[in-house]
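Below you will find one chain, with nothing else, as structure tokens; this is the form predicted on its own, and questions on how it binds or moves follow later.
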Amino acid sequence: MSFQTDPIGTLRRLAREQGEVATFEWNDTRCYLLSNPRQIHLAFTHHDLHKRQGRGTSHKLLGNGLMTSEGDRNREHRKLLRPLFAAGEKERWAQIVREQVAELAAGWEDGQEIQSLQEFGRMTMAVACRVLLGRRLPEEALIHEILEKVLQDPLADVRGPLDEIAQRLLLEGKGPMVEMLLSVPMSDELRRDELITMLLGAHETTGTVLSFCMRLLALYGGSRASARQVVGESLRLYPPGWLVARMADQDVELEDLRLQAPCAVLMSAMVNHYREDLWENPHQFQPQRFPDHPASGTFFPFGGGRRICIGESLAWLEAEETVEYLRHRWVFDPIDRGPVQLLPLASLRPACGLPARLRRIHSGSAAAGER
């Protein structure tokens, strides 16, 4: 077993064998794996820990957008874009999500076989465009196809068509995010980077979360749990941000722990979300036990600290609204009820599209469930 071939299994083994601070070497770099919730919280908020610089596959796709940038640029762009995800926007988001999930479900038939990941990917792309740009895009299917291609082949060169779409949006100058980007001095290259980053990031992980939510409900039920509990438990079992890595160029102290630089600091939700001392029967789907506000460092599917996913609130609302709408109308019976093979990429994804056979819930049962 190695970190390259089985990263999740390797990290769990290291935590089990070495405890809450495990060390190992990877690519000639000293790595610290933290699984103590308090130390994880401190690491998320420590100003001397930063993301890795360079021109890796993420930079090739996203350029210097919010997900890959560091320092002053990241802080300035996060401040600029934060109003897109303000609490006052939630009523508008909810209406958009309800319209899009109703449109999606209107095309389904009882007994139809679908690829859950593909279906929800289409829906969440539509939501992302309406939220960020104020309208649907004719290229939505192309953007989704490009993202899937990159996930299968990280070295694929796909920036050309994405840049063309982003540049057209900038020239049109319409929509909440475009107007924000045009309101401040910035190169068009950076503006395109941010548009591509947000359009890809705002839909991909949410589509995966929804696919797992509906699979888990079909396999294990959960009718007494709220939609928020179902989403929360799905995020615990299958956290999009399965691994957070930070770099230290100088020694860092986290209370009584001293990290010797240069080093990488790793924090894995696929470790902490499955700790038996933090979660009873962690491998079981038990949405009723999910708390409203789990402790920092215990539950972190979207990362944490100043680099936490900027769209986390939208992802929660979108997932909750969609689950609440569908759970009383449709069952997603899995074609394969066995364990799901996971791909720990930039975000955690299933190796398959989570195929399912749709089963319509009788209207009387739906009405009873909604009361």
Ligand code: HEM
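The numbering used is simple: start at 1 and walk along the sequence shown. Just so it is clear, the model here is predicted, and its values are computed rather than measured.
There is another form of the same protein, the form predicted in complex with ligand HEM; it is not shown, and what comes next is about it.
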Contact between N74 and ligand HEM in the predicted bound form at 4.5 Å, heavy atoms?
-> yes
Does ligand HEM get within 4.5 angstroms of any non-hydrogen atom of L42 in the predicted bound form?
-> no
Do R246 and ligand HEM come within 4.5 Å of each other in the predicted bound form, heavy atoms counted?
-> yes
So in the predicted bound form, does A126 come within 4.5 Å of ligand HEM, heavy atom to heavy atom?
-> no
If contact means any heavy atom within 4.5 Å, which of 320 to 328, 335 to 343, 63 to 71, 22 to 30 contacts ligand HEM in the predicted bound form?
-> 63 to 71
Among L162, M214, L235, V97, which has at least one heavy atom within 4.5 Å of ligand HEM in the predicted bound form?
-> L235
As a check of understanding, the residue in A166, L117, L259, A202 with any heavy atom within 4.5 Å of ligand HEM in the predicted bound form should be identified as A202
Note that ligand HEM is not shown here; using its position in the predicted bound form, name the residues of 175 to 201 with a heavy atom within 4.5 Å of it, in sequence order.
-> T197, M198, G201
